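Just one chain is shown here, as structure tokens, and it is the form predicted on its own.
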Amino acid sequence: MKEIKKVTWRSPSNIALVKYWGKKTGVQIPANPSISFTLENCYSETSVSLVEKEGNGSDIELRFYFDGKANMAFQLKILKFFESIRKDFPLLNQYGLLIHSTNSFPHSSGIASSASAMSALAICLCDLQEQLNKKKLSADKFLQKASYYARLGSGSAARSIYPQIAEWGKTNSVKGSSDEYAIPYTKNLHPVFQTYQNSILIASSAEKKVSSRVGHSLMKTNPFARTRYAQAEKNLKELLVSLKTGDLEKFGAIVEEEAMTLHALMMCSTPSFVLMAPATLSMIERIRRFREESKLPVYFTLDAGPNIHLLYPKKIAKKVKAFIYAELEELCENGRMIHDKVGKGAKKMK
């Protein structure tokens, strides 16, 4: 199998501060705007090689390996993604593809692996097609294009392309915002948020009972959907002020409200579902008590799962980690946790 071209990109996961939950009509169009911290240590590293096609047919030829082993389930997901974008990427018709991917974080660790995986894959395709076209885009246009196609693979993947913080979804609160791709939001970011810390506390690694795709679809009949979308707009507008001024108390209040609203929406959908674990609630109680007693700006958020993302400034990291090991480690499944921070976005590897 002759290799013609190969690229490798590393793309991180992200943690939403204002949550994306629910879709409009169309392909991966968000019902409300969202904004997220890009992570640093939790990433997918993906290599895509173009090889000579073995057959003469029009079928996409693909081999996918995760951690060095063939993964048919994800290969089928990628194949479906490729079929939906093949008109925009002639290389999918002209070559076979050999893909190797790995994550820096363990499976079922509460990190959005689809965001990192699909963003890494999308940016690899954009890079390869650019090389074949021999026409280089500007850095901004290249990242925007990668974000657009990452979104088609996994909505939240659109935000993983960019460093520090990214916004996705058309809103009057952010100039240049779009439903079709995310945009970086670093210009007005207060220095305290540029080095913000995120400790991920694993309450449970059990597979989710309901996929995010199903969860999004249930918003169509959720009785609180309209109210939620208005809340998201309001929270985003207010959060942007906190991100600019460094108001950690307001930042934390919004982030925690968003986390609890997300899970409340799941609990009042039809059918309803609960993704928090008993340890999740115990952690929340201890975090709130610690914040009240210590007066430190320590806040939590949750993704669509049971695991806590603890957010805090770098300057108090030592005190917060002492609290984590003293009071929260025992609530983590097998003591599992991942210490991460705001990161630099997608990166091309040599």
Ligand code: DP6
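Numbers for residues come from their place in the sequence shown, where the first is 1. Nothing here was measured: the structure is a model prediction, and the numbers come from that model.
Beyond what is shown, the protein has a form predicted in complex with this ligand; the following relates to that form.
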Exercise. Looking at this ligand in the predicted complex, do all three of Ser212, Leu262 and Ala304 come within 4.5 Å of it through at least one heavy atom?
Worked result: yes
Exercise. When this ligand is placed as it is in the predicted complex, which of 177 to 185, 243 to 251, 120 to 128, 147 to 155 ends up with heavy atoms within 4.5 Å of it?
Worked result: 147 to 155
Exercise. Is Ser114 a contact residue for this ligand in the predicted complex, using a 4.5 Å heavy atom cut-off?
Worked result: yes
Exercise. Tyr20 near this ligand in the predicted complex, any heavy atom under 4.5 Å?
Worked result: yes
Exercise. Does Met337 reach this ligand in the predicted complex if we count a contact as any heavy atom within 4.5 Å?
Worked result: no
Exercise. Is Ala16 close enough to this ligand in the predicted complex to count, meaning some heavy atom within 4.5 Å?
Worked result: yes
Seminar exercise, completed: Picking from Gln28, Asn41, Ser282, Ser47, the single residue whose non-hydrogen atoms come within 4.5 angstroms of this ligand in the predicted complex is Gln28
Seminar exercise, completed: Exactly one of Lys170, Lys237, His100, His216 comes within 4.5 Å of this ligand in the predicted complex through a heavy atom, and that residue is His216
Problem set entry | Any residue of 308 to 339 that, in the predicted complex, places a heavy atom within 4.5 Å of this ligand | none
